[in-house]
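Just the one chain here, the form predicted on its own, laid out as C-alpha cells.
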Amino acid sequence: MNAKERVMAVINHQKPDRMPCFGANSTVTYDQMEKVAAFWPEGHDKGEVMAKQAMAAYSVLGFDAVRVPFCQTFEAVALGCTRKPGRVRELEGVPGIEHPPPYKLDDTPVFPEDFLSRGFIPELLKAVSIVKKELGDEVAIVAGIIGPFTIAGSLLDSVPLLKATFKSPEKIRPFLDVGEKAGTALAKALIDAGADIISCEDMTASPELIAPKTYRDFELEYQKKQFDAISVPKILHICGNVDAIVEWMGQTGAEVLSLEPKASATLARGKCGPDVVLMGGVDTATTLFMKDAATVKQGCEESIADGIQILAPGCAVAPGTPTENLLAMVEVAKAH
C-alpha cells in the first residue's frame, strides 16, 4: 500500500499492510524547516511556504499523511479577530489571537458572506491545492479546522466564555452557531482544494476547561451538525484527558478520535464501540520533545497496547522536537 491507501484502509475498517503514522495536529519543526528551506512566519500566511512545510512530514519524516495549517487562527481572523505573532526566538513561533476580542457576551456575532476570502484563508486553500498537485493520491492530505467552542472563545475571549457556561450558558449559542458555520465553510473549501481528511481541533472544549455537561448540552449539537455537513472522513481532537466526554465525542459523527495519552483508549473503545477509529501515541511535551528515541518508542508501544489504531503525536508537535524522536514513531508503526 502507499501512504494514502494505508490511512484510508484503517479509516474504512479494512486491513492495512501496517499501522499508519501521522499527525492530527501540526507536526512542523525547526529541523524540518531547515531541510526544506521553508520557515515561519511565512509558513503561516503564504501558501507556497505552507505547502513546503506540510510536505516535510512525508519527505523528511515518512509520515503517511501531511497536515495544514500549523496554527489555530484562520477562522478567527476571518471573523474579525486580530492575529498576534508568535514569540521571537530563533524563529517566529505559532501565532495566536490578540486581545481584546471583537465581541462581548451580549453582542450578536455575524458570519460574513465573504468569509472564505478574508484573512489568510485564501493562502491556506492555495497551500492545499499545491500539496494535492505535488503529492496526488500518494499521501493523505489532512486539513485542519477549529471547533465551534474554541472559535467562540476567540470571539469572546476564553475567560468570559468559560464564565458564561456557568452563569448564562444560553448566551453562548449564537457564538457556537457562528463557530460551526465558519469551520464548516472552511472544511468544504479545503475539500474542494484537495483535502482527503478534515481534522477538527476543539481545544477549549476540553473537560479540563469546561464541565462535561457543557460539552454534552451545548457543544455536541454543533459538532454533530458540522460533521454531518462534511463529506470526507473527520478526525476530532480535544486536548487533555477526555475520558469524561469521550462517549459524546463518539456521537459527533467523527470517524477518528485523536487522543492524548492521558486519555484511555481502552475506555474510549468501550464507550464508543467498534466503529470509531482511535489515534494517538506519546505526549508531545514530556516525551517527544524532552526524551530520547527509546523512550518515545516505549510510549508508542504502550499506546498501541491500549488500543490505538493510528500512531500519532498526542497533540501539536513542539517546533523544537528532535527529528529522531519523530522518526522513532514511524519505526514503531512499521513494526505493527
Partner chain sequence: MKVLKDFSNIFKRYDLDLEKTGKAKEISKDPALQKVAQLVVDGDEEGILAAVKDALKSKSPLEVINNALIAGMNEVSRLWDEGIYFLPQVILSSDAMNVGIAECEAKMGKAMDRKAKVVTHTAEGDIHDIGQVIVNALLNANGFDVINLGADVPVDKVVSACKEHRPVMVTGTALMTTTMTAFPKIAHQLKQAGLGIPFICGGGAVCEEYVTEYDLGIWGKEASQAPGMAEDALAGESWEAMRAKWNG
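Numbering follows the first chain given and starts at 1. None of these values were measured; they are calculated from a predicted model.
Not on display, but discussed next: the form predicted in complex with the partner chain.
S.K.: Counting any heavy atom within 4.5 Å as contact, can you tell me which stretch out of 228 to 236, 169 to 177, 122 to 130, 201 to 209 lines the partner chain in the predicted complex?
M.R.: Only one stretch qualifies here: 201 to 209.
S.K.: In the predicted complex, which of the listed residues (221, 134, 157, 255) lies with a heavy atom within 4.5 Å of the partner chain?
M.R.: The option sitting close enough to the partner is 157.
S.K.: Quick one: is residue 116 in contact with the partner chain in the predicted complex, heavy atoms, 4.5 Å cut-off?
M.R.: Looking in the predicted complex, residue contacts with the partner chain do not include residue 116, since no heavy atom lies within 4.5 Å.
S.K.: At 4.5 Å between heavy atoms, is residue 303 in contact with the partner chain in the predicted complex?
M.R.: Taking the distances in the predicted complex, the answer for residue 303 is no, it never comes within 4.5 Å of the partner chain.
S.K.: Given that the partner chain is not shown alongside this chain, does residue 316 nevertheless sit within 4.5 Å of it in the predicted complex, heavy atom to heavy atom?
M.R.: Residue 316: contacts the partner chain in the predicted complex.
S.K.: Is residue 286 close enough to touch the partner chain in the predicted complex, meaning at least one heavy atom pair within 4.5 Å?
M.R.: Yes, residue 286 lies within 4.5 Å of the partner chain in the predicted complex.
S.K.: Could you tell me if all three of 52, 184 and 269 have a heavy atom no more than 4.5 Å from the partner chain in the predicted complex?
M.R.: No, none of the three is in contact.
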